[in-house]
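The chain below stands alone and is given as structure tokens, in the form predicted on its own.
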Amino acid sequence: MKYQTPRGTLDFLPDKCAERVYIEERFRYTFTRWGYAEIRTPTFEYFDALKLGTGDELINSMFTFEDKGGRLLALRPENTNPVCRVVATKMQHYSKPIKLFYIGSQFRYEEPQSGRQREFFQAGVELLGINTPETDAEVIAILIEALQNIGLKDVRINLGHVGVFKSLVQEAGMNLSEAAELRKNIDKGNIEALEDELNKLSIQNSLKEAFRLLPELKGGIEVTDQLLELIDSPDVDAAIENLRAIAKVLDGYPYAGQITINLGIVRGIDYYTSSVFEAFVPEMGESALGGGGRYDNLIAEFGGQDVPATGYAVGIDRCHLALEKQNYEFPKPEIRILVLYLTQEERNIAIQTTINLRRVGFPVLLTFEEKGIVAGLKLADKQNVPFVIIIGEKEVKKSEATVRDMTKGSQESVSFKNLIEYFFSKMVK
């Protein structure tokens, strides 16, 4: 057991690691082109800071421990809270909006499942400082584009509004535990459990019917009419009006056909205040790739000013699994080259050849000792290196290297001064 990884953690061997790095870089490519700047926060922080605004469900999943001074710390279970701490304590003077993104590991003590371990990896954006339908629409649009840019097909967004649920809870006069049970069952689509909870409550029948209706309200923006016909509440009206305004802005993006209104999305973290959304692809069923929403009160809890904010996080683990399910062909690795020298006399020329190729960007391996041609080619085959540069006495005399194409099983002579141009031509092909 002592040589195994803890349950809920994984090793990523070079091939899978390369695929995940590709996903991360594609996310970074999209975020920076939308004007977002990268931020990094500590892997562990004070527990009291990480628990602000999150709710019991997330708090109970944290990995906590004491440092040598007896202070209670925790591994971060998500990154929105740490970003808000940074903005509240170190970025109040920044001009608004503040547009940030992050890529990194999070930790939750939950039952491991496919595409989600106890250590998991997320990429996310936070747009802080402005509360308009346009900002809500932007983070949804960038979520769709980011997922498409890593190679996913048929990306769908379910868009809801937690303000509807919270307004109904307030109308019903529920306590926190009652509201938490309803929210969990609505969000998970547990209709029987939802019905059991509603039967325990002494609230108006119209409110019970509204709670029953939320998981069923899926489709175009017109599904919100059913709720407005049932409930007469200024707060519910305001939430629906805000949702419709966001949907109208999204109509201006090329992704409008990929968005479904779903008032059953209420999400399990307390800090959300209005719009909420989740991303899906068909191959992952009901397992969301990620999600987010608006949280306008969290930054103030860190002692800062009221700063409206919206954002999301998407699971890199789940995206990787989704790409595999869609049979996505990850880009092949760059051309790799092995430089093989046959005797000590050619070592310095081999070293200089290696340096020249690396300086222009080629990944190059250099043998650590002289090898015969057969042994060198076997090494290249084991290392899955497609090209071998052979440098021996004959090559030095002619000022040209023998280049072996391991894929084709052919070879040709290339002058040392033309090696860079030669391999660039191979990259183009």
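Residue numbers run from 1 along the displayed sequence. Source: prediction; values computed, not measured.
The next section is about a form of this same protein that is not shown, the form predicted in complex with ligand AMP.
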- prompt: At the 4.5 Å heavy atom threshold, is R108 in contact with ligand AMP in the predicted bound form?
  reply: yes
field: Heavy atom of A288 within 4.5 Å of ligand AMP in the predicted bound form
entry: yes
- prompt: Heavy atoms within 4.5 Å of ligand AMP in the predicted bound form: does R267 have any?
  reply: yes
- prompt: Is there a heavy atom of A313 lying 4.5 Å or less from a heavy atom of ligand AMP in the predicted bound form?
  reply: yes
message: Going by heavy atom distances of 4.5 angstroms or less, which of R116, K208, R336, K218 would be at the interface with ligand AMP in the predicted bound form?
response: R116
statement: Only hit among T224, T353, S167, Q122 for heavy atom within 4.5 Å of ligand AMP in the predicted bound form is Q122
Contact segment among 173-181, 144-152, 288-296, 336-344, judged by heavy atoms lying within 4.5 Å of ligand AMP in the predicted bound form: 288-296
